[in-house]
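Next up is one chain by itself, shown in structure tokens, the form predicted on its own.
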């Protein structure tokens, strides 16, 4: 703790483990949503071939890239909002 008790408290090992577990859950949920959305959008439902067609592969690549880009932008904005809320609470 810093002078006058204004320093940030360091997270405990249990809190760190919990944070990592929560992040893994978020990543797993994001992956599941991406698979569902992109496969619905890009894959032919009749499964005529054992391999992906070039069009399907390109569609999946673009869909997943857009999905990750959107997820990253949202995560960045949420992080900024959280930092603003934490930083603005102790000001006079």
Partner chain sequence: MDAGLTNAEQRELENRLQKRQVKEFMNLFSGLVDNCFVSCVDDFTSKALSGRENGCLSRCVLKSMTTQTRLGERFAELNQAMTAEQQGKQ
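Numbering follows the first chain given and starts at 1. In this text, rigid core is short for the largest set of C-alphas that superpose within 1.5 Å between two forms. As the structure is a computational prediction, the values presented were derived from the model and not from experiment.
Same protein, other form: the form predicted in complex with its partner chain, not shown, and the subject of what follows.
- Contact annotation for residue 17: at least one heavy atom lies within 4.5 Å of its partner chain in the predicted complex.
- At a distance threshold of 4.5 angstroms between non-hydrogen atoms, residue 41 is out of contact with its partner chain in the predicted complex.
- Although the partner is absent here, residue 72 lies within 4.5 Å of its partner chain in the predicted complex, judged by heavy atoms.
- Contact check for residue 24: a heavy atom falls within 4.5 Å of its partner chain in the predicted complex.
- Residues 56, 57, 60, 61, 64, 65, 68, 71 are the ones in 55-71 with at least one heavy atom within 4.5 Å of its partner chain in the predicted complex, listed in sequence order.
- Residue displacement note: residue 24 has its CA displaced by under 2 Å between the shown form and the other one (rigid core superposed).
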